[in-house]
Structure formats: C-alpha cells, structure tokens
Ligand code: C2E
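Only one chain is shown below, in structure tokens, and it's the form predicted on its own.
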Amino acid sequence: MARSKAGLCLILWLAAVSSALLMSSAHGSTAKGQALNAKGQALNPDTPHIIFTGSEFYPPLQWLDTNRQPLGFLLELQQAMAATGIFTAEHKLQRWNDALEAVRNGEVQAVALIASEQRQQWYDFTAPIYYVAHAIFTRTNERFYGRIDQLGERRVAVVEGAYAQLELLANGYSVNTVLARDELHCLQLVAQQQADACIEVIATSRHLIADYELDLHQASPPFWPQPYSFGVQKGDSKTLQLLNTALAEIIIDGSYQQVYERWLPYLEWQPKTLVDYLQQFAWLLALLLALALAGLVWLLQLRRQLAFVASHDLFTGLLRRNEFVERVNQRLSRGENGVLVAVRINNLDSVMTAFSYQTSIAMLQSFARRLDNPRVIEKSHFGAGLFALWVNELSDIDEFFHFIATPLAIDVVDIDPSEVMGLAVREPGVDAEELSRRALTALSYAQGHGYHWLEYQQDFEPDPEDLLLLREFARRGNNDFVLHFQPQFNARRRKIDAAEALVRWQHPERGLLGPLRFIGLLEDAGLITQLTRWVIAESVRVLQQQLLGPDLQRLSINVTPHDLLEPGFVSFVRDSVASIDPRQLCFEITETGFFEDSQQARGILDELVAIGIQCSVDDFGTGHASLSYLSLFPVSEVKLDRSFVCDVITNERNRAIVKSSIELAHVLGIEVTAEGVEDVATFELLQRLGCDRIQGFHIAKPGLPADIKPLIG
C-alpha cells in the first residue's frame, strides 16, 4: 500500500485559521484494557477510566496501520490528555456507525466527532479540539462540481451516521444517497462506479485516496467548516468535565501545541494550480474563467488568513514570538527607543483548577485585550501565560505594573492576575532577540527573589561559561557526546555481567567533560530530554551490535524525572527497544524523581516494566524515601549512594544503614547495588553483607567499549 504525501490537505490550514478565530483561546483497536495514561488503572482503581472510540479509516486524525496498530493526531492528543493524570484511557477504533452507537449505549465513553446541532440530541460536546471541512470527491475524469445541488439526482455516497448524511437529510438535497460503512468504503464505492460521488472530510479523503491509490480527486471547493470535539453520551456530565479539564491542562502547558505542530505536516495540503484545472476542464472555459476569478479572490483571502495564523497565537490573537522579534528589530533599525517588557501570569493553573478551563482561557484573552494601550506598540504571547511587549516609553514602572495587574472581569467574577515583570531597555547594537532574553532573565530573577518587577542587570546573568556551553549544545546537539561504560560485579555469580552507561561531552576545545559539568545546565534549560533520548538510542546500538560482548546481561542508563514525565517518552522507549531484548536495559531514576509526581511516576514505570525495562532507584538514601515507600513502585533495584558506601568500613552508622537497607530490600524482593567502591576492604564487606552488585573504581573505571569488553563475562 503506497503512502504518498500528495494527499495533504490545504483546507486544514484553513481549519487551523478557523480554530484561531473560533476558539480564540486555546495509533485501530488496542488490546482491551491497554492504558494510554501515565497512570496505571490496576494500581489506582479510584482514577476514572475513559474508553475513546472512533473510525479505523480516518487518517491523519486516527487510523489503523498494516499491523492493526493505532496512529493519528487524535490518538496522541488523547494520550496527552491522559498524561495529565486526570483519568486513565483506552483507545478502540471500529466502524464509524458502530463507534457512534457504542457511545450512545454507554459501552464506551467518548468519541471525537463533528459537533453539530443534529447530534446534540444524542451527545454532549467538549470545547472544540480541531476544525474540519467537507468536499465532493469523484473519479478523476469526472466534471467539476462547485456545490452539492449541482449533483442533481446522482448517486452520492456518505458514511452511515456521519455528519454528511445528517446534513443532506436536514437540508433536503435531492440526491440518491448510497450508505457506506466507513470513510474508505465511501471512496471505494465511487472508484468502483457504484456511486457517482462521495461527500467526506477533506483531510481524511485525500489521505485515503493516496494510501489506496484510488483514481479520485476533489471535485469541489471546501464547504461545511465545522468544529471537531469529543462527544460523550447525553447527560454524562462527569466524563464531559474530565475531558474539558484535561483538554484545558494540555492547552495551558503547551502539550496541545506540541502535538498539533508534530502532526501539522500531515494535516495540511496544497491546492490545485490553475494549470491543473485548465488541463482537466478546458472544455468549460467560460465557467473556468469565472471560477478562476473567484478562486483568485479566495486564495488572496486565504493567504491573508494563513499569514495571520502563522504569525499570531491561536488563543489570544497576539503575535507569535518570531513575528514579534522581527517587528521589534524593524523598529530598532529605524532608531526607535523603547523598553522590552516580559510579563508572566503565574496563577493560570490555579484559576483553571478553581474555576474552569474556559475561565483560564478567558483570563488570557482578557489580559491580551488590556494590552490594547497606546504605550504598548507591539505585543506577543509566547505561550503558557508568558507575554512580551514593546513599550515606547516607561517613565513610571510602578504605575505600568499597576495598570496590567488590576483585576480582570471574567463573567461575573473579578480575578486578580498574579504577575511578575522583567524589563530590558534598548541599547545600541542589541537586537530584539537579545532584549527578549534579557527581559526574561530579569523576569526569572524577579520571580525567584519575590519581586513584582525588575529591570535587567548584568548581575542577573548566570556563569558565562554555562551560557557558552548551552549555546554550543544548541548549535551542535548530540554530535560531540560519547558513552563510557563502568562495569558492575555480580556478587552472586562472582563475575562482571553488567555495566552502567555514563555520558561524556567530548568538547572540541575543552576536552572530555563529565556529567556534573553539563547535566544540571541542560535540565534547567529544558534540553535534557534530547540528550537522554540520544543515550537510550546509543545504548540500544551498543547492545544490538554487542560492542560490550555477548555475555553482558544488563546495561543501566540514567533517566531524569523530567525525562520520565515527558509526553511521548514511553512510546519513544517502546519504539527504540524493538530491535533488542528490552530486559537488557535498566533505567536508573534518582530517588527524588519518585516525589515530583508519585502517581504519574508510578503509572509510567508500570508501562516501562510492561515493555520489559527494569527500573532502579539511583542515589538511594539521599532523599526522603524509605524502602517500604518504594515497594509501591515496580522497581527491581536500589543503588546505595556512594556517600554511605565510601566510609562503610570506618563509619558504624553508615555500615548499619547499608546493612539494614540490604536486608529490607531483599525481604521486598529488591536487589541492591553499591556504587563508589574503591578498595578491597569495602568490596569484601559488601559481599559479606549480601550486596548483589558492586560498582566502583575497585572493579574498573569507566571506559570505552574496547576497554570494558575484555572484563565482561
């Protein structure tokens, strides 16, 4: 089955525009019981469970691949909503009419569909999640149809229960309706000449035409632009509230935008050119000329709308960051003076929790309208309640802060926006990007030190060496990183059969840098996930190619709490370990990682263990967790921190801690690894105490595969 990009649809760009204007605020059947949520349903029975259904032939929104695995924009969106921890989720795709019936009779809880007036008698709808439009599809050599009424008495295929069927019935169109069982069948009926046309959603139809190599084309302009929402059984207010709350959270934290941007190349399409129409419809020149003129007007309007959505934020209508920076640079080039102001609304999450998703979006919109002030020349929403302004003059900063911080009238409630502000005054030779960075630096410093606002000062800057490293990482990515491996001695088998992967930065100018020099920097900058994913992929390559020898039983990798909670992390791991036995990998997570979001962490660990990954608690003893607490998590190992191991010979207190930790861990069925072992006396004592694995310089220092391979086995 050929997969082609020719079927990408421009109308969904138009849908994105409609989303911006209307919302103005914001892989198929899986095995039954499969949880998409970051929480595990079996381990947390009190968490609500939502079963999502939908059509199995609806790319790129949702469909089944050749292995009957679900894919699609909607699937990832539902995974992101479940990752909030508000509910667990199950995803089942089936024939469209069966999916609709399953929601109506309560077999499943939610389906993504067009929210129409006709359907309101059966379903309640969430806030819109997307926008779609329909078109007429015919065989390639058929004539052009501009409207449905031009089909006359022709046979028109529609999916049973779909929006198109309801709309044709409601408007009394005089066409001979041919019912199809799903979207693919609708198009196939036309290709097999059992129908003259199919009316369906443009994005889906164009993908199916390309995927199944159907000799069909879009024979009309787009029509029926409609919001796409999650529908629940009429009266199921509990599920509706859960969905709206989860949807609100992923909009506020940026997850929705990440999913949307990841799928945007598959959601958009390019329109036919004028030459295409001339080649196909030259016999109807007069009509074509009229359509060309109308099309030119439509394209001009569309270009303006596309330009708007490309440069403006979907929720507030304000400029996006790139457009804002470009406009401020233009003003700087003309010699204009001004101040770049960064403003963050800190209480968006609490407003959403206390009131509703709609209230938090309304708060963003109301604040954006407040910025319509003569002093504010350019304004932008960077996302998640972070705004940037270019102000022509700011003689009284306290007065300006009071102006933006006064209560916002949301419906009948006045809500105080909790704000913090950072300022950067124009300086010669400093561009808008640098001014934005300085304003954000001042904002971050003010927020961390309890100020309402601060003007940028050089003292706020972090270590210049750290900034240089971050810039080099942003420029070079993972190209200069290498893995070293430190062997682990198996005390029961009395041999080295495992190792820990340790990342090093082989800097072209500064030489080999250890993780203490850069891991913290990357975590603070939000870049650590990029490096962790590289480490996982490289470790899989080492295992696949047996670079450490065939006798290696396990390879440990350090994973940060941020990595663990990153949306899509489990899916990435599942795909990465497809070529190896996943039981060869062990993820070491620092003890503090179990406290940041214990419920969500436990759910993600459950999913990793289900894949086959082993999980270990790193630096055990340095936080506040007890072994009894950790027994609630699916961990198979704890690693005693080197601070307890280094002086276990001379420090009776630490020796007692190590001894009792080993004994209790074994009672709970958890293995114990000691790291930082550097002498024979400590090595022998740990063996007598029953420690399962021993790691440290006494065994071997970290090295490249060629250095470590002879030691293993």
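Numbers for residues come from their place in the sequence shown, where the first is 1. Just so it is clear, the model here is predicted, and its values are computed rather than measured.
Quick note: we don't show the form predicted in complex with the ligand, though the next part is all about it.
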Considering the ligand in the predicted bound form, which of I397, L502, A133, V542 comes within 4.5 Å of it through any heavy atom?
L502
Could you spot which one of I50, I662, V648, V677 gets a heavy atom to within 4.5 Å of the ligand in the predicted bound form?
V677
State yes or no: in the predicted bound form, is some non-hydrogen atom of D619 no more than 4.5 angstroms from a non-hydrogen atom of the ligand?
yes
Going by a heavy atom distance of 4.5 Å, is R642 a contact of the ligand in the predicted bound form?
yes
Taking 4.5 angstroms as the cut-off for heavy atoms, does P515 touch the ligand in the predicted bound form?
yes
Although the ligand is absent from this view, report whether N558 comes within 4.5 Å of it in the predicted bound form, heavy atoms only.
yes
Would the ligand in the predicted bound form be within 4.5 angstroms of a non-hydrogen atom of every residue among Q486, V535 and E588?
yes
Report the stretch among 438-446, 359-367, 387-395, 515-523 that approaches the ligand in the predicted bound form to within 4.5 Å, counting heavy atoms only.
515-523
Are there residues in 187-219 with a heavy atom within 4.5 Å of the ligand in the predicted bound form, and which are they, in order?
none
